[in-house]
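Form predicted on its own, single chain, as structure tokens, below.
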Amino acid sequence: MRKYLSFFRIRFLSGLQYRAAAWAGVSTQFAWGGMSILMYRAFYRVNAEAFPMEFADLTTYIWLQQALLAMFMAWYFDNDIFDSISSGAIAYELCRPCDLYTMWFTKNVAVRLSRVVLRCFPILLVAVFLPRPYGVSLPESVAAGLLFPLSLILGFLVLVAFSMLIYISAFYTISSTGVRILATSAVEFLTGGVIPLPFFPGWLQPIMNALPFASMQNTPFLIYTGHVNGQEAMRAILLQAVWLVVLVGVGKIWIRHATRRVVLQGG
């Protein structure tokens, strides 16, 4: 356990060094969040009753999405992992007395957390003081406030576990670019990163909610805003835990099979 904590500490502290990039990201996320809210506001003014969420809840959803973007951004991948597989440097990783899957998982968690620590607080601090309904509001209820952190952690780990499958797929391809583009597009769309899942047709929502992608950012944000509550919230959290176990289990089995016979070319 100590060696994995060392990996976490090294990557976390390394991620905290990029403060200029963090401030650039904060300004970008402010602009993107503001544009999204104004766009939805135009639709709500036409017919607010046609939408499944209150506008104040939607703005809270968007600001949470922007504040925690570094935690749930689907397009982030550790290029060092892909480079080590394609260049053959993975041989050094396999010689280390540690589990390769756990080491990569720990590194990804550390990098994402370091980035969200630098970016989320400035965004939330400003969004809290924006006039209603354009700012972020408190959790819908005490229960939502208590369930939100648990769901947030599970959703984060589900995303990292899915990302691990993309890394492992690089053992079987010459270039990982195609898989990364396809996975990023699917995750962004199916997690509610483009359009919140409650805005999709009613017949499609049960299917999307059953997929692992809905267990990422969608579930904790809907619990926070009160759109998912009570027994439904507990079932959603249970589904998150199930998908986390499944994805980690599949990843461990797959990486064990992938590293059983590794062919290194050149060098």
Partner chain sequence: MKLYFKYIGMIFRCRMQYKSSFFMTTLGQFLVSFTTFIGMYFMFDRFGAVDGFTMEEVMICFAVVLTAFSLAECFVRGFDVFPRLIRSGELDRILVRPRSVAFQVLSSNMEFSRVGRLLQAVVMLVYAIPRCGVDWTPDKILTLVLMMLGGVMLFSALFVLYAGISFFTIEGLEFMNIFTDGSREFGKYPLSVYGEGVLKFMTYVIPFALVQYYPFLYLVGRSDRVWYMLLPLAAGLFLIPCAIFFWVGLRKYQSTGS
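Positions refer to the first chain, counted from 1. In this text, rigid core is short for the largest set of C-alphas that superpose within 1.5 Å between two forms. The structure presented is a predicted model; accordingly, all values stated were derived computationally and were not measured.
The form predicted together with the partner chain exists for this protein as well; it is not shown, and the discussion that follows is about that form.
**Message:** Just to confirm, with a 4.5 Å cut-off on non-hydrogen atoms, which of Leu146, Leu138, Cys95, Val194 contacts the partner chain in the predicted complex?
**Reply:** Checking each option against the partner chain in the predicted complex, the one that comes within 4.5 Å is Val194.
**Request:** Indicate whether the partner chain has at least one heavy atom within 4.5 Å of a heavy atom of Tyr18 in the predicted complex.
**Result:** Contact with the partner chain, yes.
**Request:** Check whether Phe55 has any heavy atom within 4.5 Å of a heavy atom of the partner chain in the predicted complex, and answer yes or no.
**Result:** Phe55: no contact with the partner chain in the predicted complex.
**Asked** Hey, in the predicted complex, is Leu182 touching the partner chain, heavy atoms inside 4.5 Å?
**Response** Leu182 belongs to the contact set for the partner chain.
**Item:** Close approach of Ala50 to the partner chain in the predicted complex, 4.5 Å, heavy atom
**Value:** Answer yes; at least one heavy atom of Ala50 falls within 4.5 Å of the partner chain in the predicted complex.
**Request:** Please state whether all three residues Arg11, Gly155 and Phe171 have a non-hydrogen atom within 4.5 angstroms of the partner chain in the predicted complex.
**Result:** Judged in the predicted complex, none of Arg11, Gly155 and Phe171 sits within 4.5 Å of the partner chain.
**Prompt:** Among 123-131, 183-191, 83-91, 98-106, which stretch has residues with heavy atoms no more than 4.5 Å from the partner chain in the predicted complex?
**Reply:** So the stretch in question is 183-191.
**Residues in 109-127 with any heavy atom within 4.5 Å of the partner chain in the predicted complex** = The one in contact is Arg119.
**Message:** So that I can tell if Trp254 moves, could you say whether its C-alpha shifts by at least 2 Å between this form and the one not shown after the core superposition?
**Reply:** Trp254: C-alpha displaced by less than 2 Å between this form and the one not shown.
**Asked** Does the C-alpha of Ala24 move 2 Å or more between this form and the one not shown once the rigid core is lined up?
**Response** Yes; Ala24 is a residue whose C-alpha shifts (by 2 Å or more) between this form and the one not shown when the cores are overlaid.
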